[in-house]
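First comes one chain, alone, set out as structure tokens in the form predicted alone.
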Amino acid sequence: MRAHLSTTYLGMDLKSPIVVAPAGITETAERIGRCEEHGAGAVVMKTMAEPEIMRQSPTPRFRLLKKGKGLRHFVLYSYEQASQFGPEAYAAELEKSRKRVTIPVIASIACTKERSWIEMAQMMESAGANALEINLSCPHGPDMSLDSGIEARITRITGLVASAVKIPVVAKLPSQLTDPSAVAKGVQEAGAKGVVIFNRLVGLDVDVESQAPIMHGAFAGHGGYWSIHYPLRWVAELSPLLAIDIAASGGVASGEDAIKFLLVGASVVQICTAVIVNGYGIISQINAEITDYAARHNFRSMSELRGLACDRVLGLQAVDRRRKVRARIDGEKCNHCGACYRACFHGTIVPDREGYAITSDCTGCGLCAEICDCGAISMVPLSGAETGRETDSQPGRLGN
């Protein structure tokens, strides 16, 4: 049985839940066409910013920090500004994009003045945008605050824009909010048809030799595949509370990552870093992985799996705090590294004559099994009668 990737977002029919987020990869009609060719369900065009200074990006503007093995293990540190196009040129490129592709093209705008928000929104609607994202949280724009608090500003600007156009409006929320749930409910009440959870984090890296910020001397967008868990938490919290669509954003490198967001209630999943680093072909790869997953689990459509994990997220009182497992070392697999011994702050992994032993005080925390690279440590269930006072006498070999 082949699952259908088709879904709905903002009242629009999409052939896939994968939406390409606004960045250089969606700046022109030609690049938007490449998104469609590789299976994107929709595209958010690179943000058009009212301040002209935001249309000029420094060079270089991308760094990969903390690189490990493979492209999944890095931080994408970037200072890519808004679209190079001013309002009229942006609207013209939007019209060109709408003629080129059949998938929805969502415009994205960032303004500083209330009048500009309304004028730019109406201009994008006239140019044929299927929907509109309002970007009130660009990680490296000027201070765009119109009042004393960003959270109140987000709600007010959302209401202004939503009342000025007939196309669906989506509020792109920053990740650094005091109460994301209150803000999300606020923009829903203000007329938004969807929210993006979240925009990129603002980060900083410093060169210790020059004692100055790296690359361009300022803060920058800070994200990558490592960042998925924070938006996952908030999509899971918000999806039962909201009647509007949620576009999840952050840390998606594979179909499995996208599935996680769908399982906690996202309507669609936005991807950006994956395309920037791997190319547009990653879109079709993610689609194929979602299709394979749905087939293995007998899901015929995306709606059947959406939100399934939400009811399984336990609250504070429901977490089972009984001690049910303990660690066990397989001496045949141990590679003598000693990592478990050094990491066990409980002091329950001890050296003996043959290697290591785990004492009866093992709390079952699981850290040693996670640290062990050779698979020598496993977490095993306690017997019904076990009190935890017996000593596990299955040692590994003593590390260096």
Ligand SMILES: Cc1cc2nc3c(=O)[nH]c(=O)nc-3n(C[C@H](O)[C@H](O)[C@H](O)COP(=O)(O)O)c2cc1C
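These numbers come from a predicted model, not from an experiment. Each residue number is its position in the shown sequence, starting from 1.
Heads up, the form predicted together with the ligand isn't pictured, but that's what we're talking about next.
J.: Just to confirm the contact call: exactly one of 206 to 214, 323 to 331, 299 to 307, 270 to 278 touches the ligand in the predicted bound form at a 4.5 Å heavy atom cutoff, so which is it?
T.: That would be stretch 270 to 278.
J.: Work out which of Ala258, Val169, Leu238, Leu76 lies within 4.5 Å of the ligand in the predicted bound form, going by heavy atoms.
T.: The residue in contact is Leu76.
J.: So which of Glu95, Glu80, Glu119, Glu125 reaches within 4.5 angstroms of the ligand in the predicted bound form, heavy atom to heavy atom?
T.: Flagged contact: Glu80.
J.: Hey, in the predicted bound form, is Pro17 touching the ligand, heavy atoms inside 4.5 Å?
T.: Pro17: no, not in contact with the ligand in the predicted bound form.
J.: Any chance Pro180 has a heavy atom within 4.5 Å of the ligand in the predicted bound form?
T.: Taking the distances in the predicted bound form, the answer for Pro180 is no, it never comes within 4.5 Å of the ligand.
J.: Closest heavy atom of Gly265 to the ligand in the predicted bound form, within 4.5 Å or not?
T.: No.
J.: Give a yes or no for Trp234: in the predicted bound form, does one of its heavy atoms lie within 4.5 Å of a heavy atom belonging to the ligand?
T.: Output for Trp234 is no: heavy atoms all beyond 4.5 Å of the ligand.
J.: Within 4.5 Å of the ligand in the predicted bound form: all of Ala3, Gly39 and Tyr293, by heavy atom?
T.: Heavy-atom distance to the ligand in the predicted bound form: none of the three under 4.5 Å.
J.: Is any part of 87 to 109 within 4.5 angstroms of the ligand in the predicted bound form by a non-hydrogen atom, and which residues would that be?
T.: Sequence-ordered list has one entry, Ser108.
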